[in-house]
Every structure is written in C-alpha cells, then in structure tokens.
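The chain below stands alone and is given in structure tokens; this is the form predicted alone.
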Amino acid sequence: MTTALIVLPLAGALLVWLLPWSRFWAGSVALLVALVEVGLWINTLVGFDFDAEGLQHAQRVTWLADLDVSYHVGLFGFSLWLAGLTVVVMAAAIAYAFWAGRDRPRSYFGLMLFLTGAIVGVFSAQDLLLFYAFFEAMLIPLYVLVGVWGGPGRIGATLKFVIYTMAGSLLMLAAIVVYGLSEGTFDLVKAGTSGSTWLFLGFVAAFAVKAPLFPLHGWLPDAYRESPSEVSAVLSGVVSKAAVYGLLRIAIAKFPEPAQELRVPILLLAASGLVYGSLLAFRATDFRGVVAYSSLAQMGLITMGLFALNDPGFDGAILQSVAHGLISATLFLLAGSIERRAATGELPRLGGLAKGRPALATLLMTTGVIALAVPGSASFAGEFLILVGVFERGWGWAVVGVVAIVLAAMYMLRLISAVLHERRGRAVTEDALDLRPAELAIVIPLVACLLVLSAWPAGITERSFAGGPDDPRAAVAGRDDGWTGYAPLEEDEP
C-alpha cells in the first residue's frame, strides 16, 4: 500500500505529461488522481494498527547488496499523519490550480502530481539514500513551479530557494555517506545510533533550510510571495514538514547523544525563530507576508517540541505539524482568492471584505480563530503539549512560547481586521464577489479537517508513537543530561 501511495501520483504525472490532453482534461485527470490518492491513504489509515510496534505497510527490495542499499518504504504512526496531510493539501492545491486555469496545464499538473509522489516518498522512506533521492526530487517540480508560474520576482525567489536548499542537501549527502558506510548499511531500521556531532549537524542543517528555521530562512519571503498561491500553500503546509520527519526519524532517532548535547543551542535558535517570525508577521504589510512569517514562527515552535525530547513535546510537535499544515494551506488559498478579487494582497489596500461576502468572512474567521490557538482548537492542543514538553526542560522555554503565542494572536487578529472589518480599501470594489462554489468546495474540506482535529486531537496525539526499538522516543529515553535552561519551578523549592 505504501508503494501505491508513492507510485500512483508519479504514474499520473507521466500520464498527464505524455498524452495530448486539453486544459480541461489535464486538470480533470490530475484532480482525479489526487482524489484517488486521498482514498488510498484513507484505506491505509483504516488498515493501520496503531497499537503495533514498528514499521507497517513495509516493502523492501535490495538495490545494492554490497552497501545494503534498498528500496525500503513503510509507515509509522507519525509518518502516516504527515502523509495524510500531504495528500489532502495536494488535492486541494491541484483543485485550486484547476479552477484558477493555470496556463500550460499538462506541465503544471504533471509537476504537481510528481511533487505529491516525492513528498509521500520522503515520509515513507526507510533507506537513507532513498530518502535523499525523494528529498531532492521535491526540488525539481518546486524549482519549475516557482520559476515559470511565479510572480514578477520569481527568478530571484527561485535562485534563493535552490541555493539554500542545495547547500543544505550537500551537507546531508556527505553525512549520509559517512554514516551509512560506518554502519555498514543505509537502512534506517537496521542501522544503529551514532555519537558523531558533525554528522548530526549535517542532517540538522539540511532540515533547518527546508523547514525553514531561523537563521536559515532567507529564501522564505520571496518564495512564498512570488509562488502561485497553491504552490505557497504546499511549500508552507507540506514541504516544511519534511524537515519535521527528518529531524524526528533521522537526527533525533539516530543521533540521540548529540541531540541531547546540542539541545540547548537548538532550543535557543528555535525560540529565537519563534519570536522573530511572530514579530515579522505582526509587521508584515501583505496577506502572504503574515502567513509566511507565521510559518517561520510555527516551525520554530514545532522544533522546540521535538527538541524537548520527551513525550508531550513529540506528541505536540506532530499534532501542531498537521494543524499548521492545514491552517497555512487554507490561508494561502484564501489569499489567492482575495488577490484575484482585489489584484493585491497589500493590507492597507484591502478592508471591508466581510460586507456582502459571508462565505469568505466565515472561512477566514474560522481559520484565523483556530490559528490563534483559542482553547478548544487543534492549535491550542498542539501548542499546549509543546509548552508542557519544554516546561519539563525549564520554565524559561515555556515563557518564550507563551509570549510568542500572544504575538500570534496579535498578528492574526490584525490580519482578520485588515481584510474583513476595516474601512474598504481602494483595491476592493463593491461588486467583488463572494467565494464561488468551486472555491468553497476546495477550502471547506480543509477547514472541516481542522474542526474535526479540534474536536478530537487525541486522534493524532495518542496514535503517533507505539513504542518499540524503532520509536524515536526510545532512542532518547533515559538520556536526560540534566540542566538545559531555567530549572523547573519545583527544583527551586528547598
């Protein structure tokens, strides 16, 4: 089943590229493949045993026996949720592109399907060289999608994205080769743990660029602003989560000692990115800028959860990854819809869109309220678990998280007010339409997923880690190195 999740969109991409489809049929076939992919994932979810330890739905075929390199794929609980996020967001992005009528549709939709297969491959790869192949394969369609279909500044945005990503990937390739040869296998299930700090940093650097994490986020503003809105949704909502999987499955699970030793510096960088991204989001003057910088902040928060290196932090990081992916994808698609009506995303030129546009106002308000983490929302549950996790490492980390959550409420309320409730801007006309039925059909399922997740966050938090030797939590269990910041409050008591 895992192989089918990877191969189906790749085969669909070839089908769209090779056959002389019209615009309508190219989009229709691509959307059909994306929806079948969602159905395959649901079937995988139904057949997944969340109580069983170890890898499930695995397939392994040897490629190079001498180096023990293989096509080895499979899913854990946490990777199943990340793959589900991928197929849902990619289906919405393809549907939006179909509705928007992107030019050169065969090329465009083929690239989107290829990207789907590559991302699912990243979340299921259990061989380091296979993981690297999928990780780099994501770059190819993104390079073309941004560079060809992007805005006026697309060339500069593409170059920054490629330079940053390739630099990180080369470091990871070197780390993979050294680690694989030293272990005698590139198979993640067979390989043991390593105490090499340099190899750990090689992996972390690549994942920090992909996320992105502060201070390796220089490509983020231009790429998110210049990409087509659905590509921005994929970059922020899905591609960034490849870093979450890599940090959890490789950096933490295979390098537990360096992860413990460097926990404080990484927490410092993540906390800095959390506050820095929140401040930039609050100062941003355009819709996409707010969402882009909020993504930088959220990835900092998720990284704090991962490097708390405890159960609440891990559970919160996975829940927040899924919630943030759905939120950012929804907001970028809504940004695209607003830009189509007002020809701009600049907040000073927007305003008053709530009047006469109840569907747009309702969906933006609902997504925004979930994003600012009101109690009872999926974001609240994820952020609360992360704060519990980092509090166990020191109350100072939790204070930083709380401050950033307050900032998140400020920039999200500012965005909602600027778009919906302030005086109507020059770019907004009286005859600007509400969301059309096709747009509603695309965005409502994403918001519905957020509402379901808000009602039942335990569906993810209790079904991401089942224990066993392959559980990333097992690698760091019992390795607490003591003081990592401000001591917990109870330790200050006599």
Partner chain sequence: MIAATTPKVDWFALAPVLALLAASGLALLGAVLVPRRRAHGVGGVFAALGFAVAFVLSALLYVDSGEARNVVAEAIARDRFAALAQLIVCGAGLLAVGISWSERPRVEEHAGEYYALLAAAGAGMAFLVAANNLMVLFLALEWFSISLYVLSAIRADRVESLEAGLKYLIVGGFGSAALLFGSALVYGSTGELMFGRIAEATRAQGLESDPLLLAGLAMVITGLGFKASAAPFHMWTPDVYDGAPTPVTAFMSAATKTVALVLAMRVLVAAFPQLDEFWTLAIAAIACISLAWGNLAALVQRNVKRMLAYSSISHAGFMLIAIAANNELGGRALLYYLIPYSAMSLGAFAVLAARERELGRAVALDDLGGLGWERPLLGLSLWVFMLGFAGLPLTGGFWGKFLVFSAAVERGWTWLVIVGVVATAVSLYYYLSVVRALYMRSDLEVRLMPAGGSPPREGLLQAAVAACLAVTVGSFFAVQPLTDLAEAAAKQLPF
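Residue numbers count along the first chain shown, from 1. Because the structure is a prediction, the values reported are computed rather than measured.
From this point on, the text means the form predicted in complex with the partner chain, which you will not see here.
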**Prompt:** Does L64 reach the partner chain in the model of the complex, with heavy atoms at most 4.5 Å apart?
**Reply:** yes
**Message:** How about L181 - does it come within 4.5 Å of the partner chain in the model of the complex, if we only consider non-hydrogen atoms?
**Reply:** yes
**Request:** Determine whether any heavy atom of G147 comes within 4.5 Å of a heavy atom of the partner chain in the model of the complex, and answer yes or no.
**Result:** yes
**Request:** Indicate whether the partner chain has at least one heavy atom within 4.5 Å of a heavy atom of R154 in the model of the complex.
**Result:** yes
**Message:** in the model of the complex, does each of R225, S272 and V275 have a heavy atom within 4.5 Å of the partner chain?
**Reply:** no
**Message:** Within 4.5 angstroms, counting heavy atoms, which one of the listed stretches 420-428, 341-349, 181-189, 382-390 is next to the partner chain in the model of the complex?
**Reply:** 181-189
**Complete:** Students should find that, of A174, V374, M410, A359, the residue having a non-hydrogen atom no more than 4.5 angstroms from the partner chain in the model of the complex is A174
**Request:** Find the only residue in F98, F282, F200, F114 having a heavy atom within 4.5 Å of the partner chain in the model of the complex.
**Result:** F114
**Message:** For a quick check, can you give me the residues of 365-404 that have a heavy atom within 4.5 Å of the partner chain in the model of the complex?
**Reply:** none
